[in-house]
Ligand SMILES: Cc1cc2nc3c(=O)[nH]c(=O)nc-3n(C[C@H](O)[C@H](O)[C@H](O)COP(=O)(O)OP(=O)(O)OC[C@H]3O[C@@H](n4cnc5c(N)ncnc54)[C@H](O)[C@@H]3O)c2cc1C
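Here's a solo chain for you in structure tokens, the form predicted on its own.
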């Protein structure tokens, strides 16, 4: 029987990013994936600045940028084409050092991450290998899998990144919390020979006759999503003649080639338990959300970032397994906030009653004309577990200024970072503002510390603020938190 530190079931974006992080740390990892190659057709088409910063941390941002472009505007329109609200005139540069959002081709993003993993000696990827069952014991998990023959592997932890149907979650007997949103939609992905013929902005067409989403993905691709109406079946709507009828108003039949057509149920679900002993869920196995906020893949990759540094602390730094008790309490509030936003947007879009839609339109137009925002994203809750304090900026993402084409994280490295006004002798390395390496970023860092009247800030490996205050006290608090 082969021995590993971690077994990851599922090699989608969540599993691949987590495997890369563990590989960078030299943690012996086995990845089991039933498919033999990346799913070749688009699924997720958006990620945000935090995810781009995670891609930066694993060294794939250069490849990712070849297959991604900053988002443009995002409009809600009624059935007559009138703009009800506009979220943005384009992606803005965020304090994280990256644009607020990117449109992407998911298969290319996954291949970029897998290419990095190919050079990591500590990561063993088994494609065409399906998990049959597992046995979870007090100090290890044994995975039984089939790659053409039955095999076994043992590890300290097993991570289920195996999608919405998650065999890992099913065997664990973990139930889902249903957030009462369940709507069937037809998703059409197309190759476009003349993108200028189609809208460049993302559009939500709030038409009670047929709610529709229209998305410019970039790189010669476009997506439509059409809500199924009562009485329509999946077999009916994926017929080519039905699809071409739906596309008629866009006047694009001569410039599009259908790449994918599928019916999905857009719903909000959260696993009631994300960790059961040595078995942990991440990504769609732990939570699913409607696509209206573009946060499904993002949330899974954030799961990976949260787990990655904690597993390293346990397996390489001697931290206790109980460090993982913080995983769900830190991630679930963030996930539920995004699901709430997505469901709220979906409830605006999915109105089929014409009178109710007219009332919605009138209210949104009135707010638009008054200069208001009809739907503000909720403030994301800060982390409250592995941190030193309870008030922001503690538990929020730290800034990443850029100077001379180099971003701050490239100087700090990927571990925890203690940044202080002056050099001090503490139990971990200190990045002092008078250090020549920080000279290009000193003004921005001083401005941040001044805002919070702090002498130092300690930033976790996932770039969330652990705490602010005295450098020595922060170093000791971080040591205690991990030990």
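Residue numbers count along the first chain shown, from 1. Owing to the predicted nature of the structure, the values given are computational and were not obtained by experimental measurement.
What comes next is about the form predicted together with the ligand, which does not appear here.
At a distance threshold of 4.5 angstroms between non-hydrogen atoms, residue 117 is out of contact with the ligand in the predicted complex. Among heavy atoms of residue 34, some come within 4.5 Å of the ligand in the predicted complex.
Contact annotation for residue 101: none of its heavy atoms lies within 4.5 Å of the ligand in the predicted complex. Not displayed here, the ligand is approached by residue 223 to within 4.5 Å at the level of heavy atoms in the predicted complex.
Against the ligand in the predicted complex, the set 53, 382 and 409 makes no contact: no member has a heavy atom within 4.5 Å.
This chain appears without its partner; in the predicted complex, the one residue of 218, 291, 211, 393 with a heavy atom within 4.5 Å of the ligand is 291. The single contact residue among 72, 130, 171, 273, judged by any heavy atom lying within 4.5 Å of the ligand in the predicted complex, is 130. Contact annotation: the ligand lies within 4.5 Å of heavy atoms from the stretch 157-165 in the predicted complex, the single such stretch among 157-165, 175-183, 352-360, 91-99. If you take 273-296 and check each residue for a heavy atom within 4.5 Å of the ligand in the predicted complex, you get 282, 283, 284, 291, 294, 295, 296, in sequence order.
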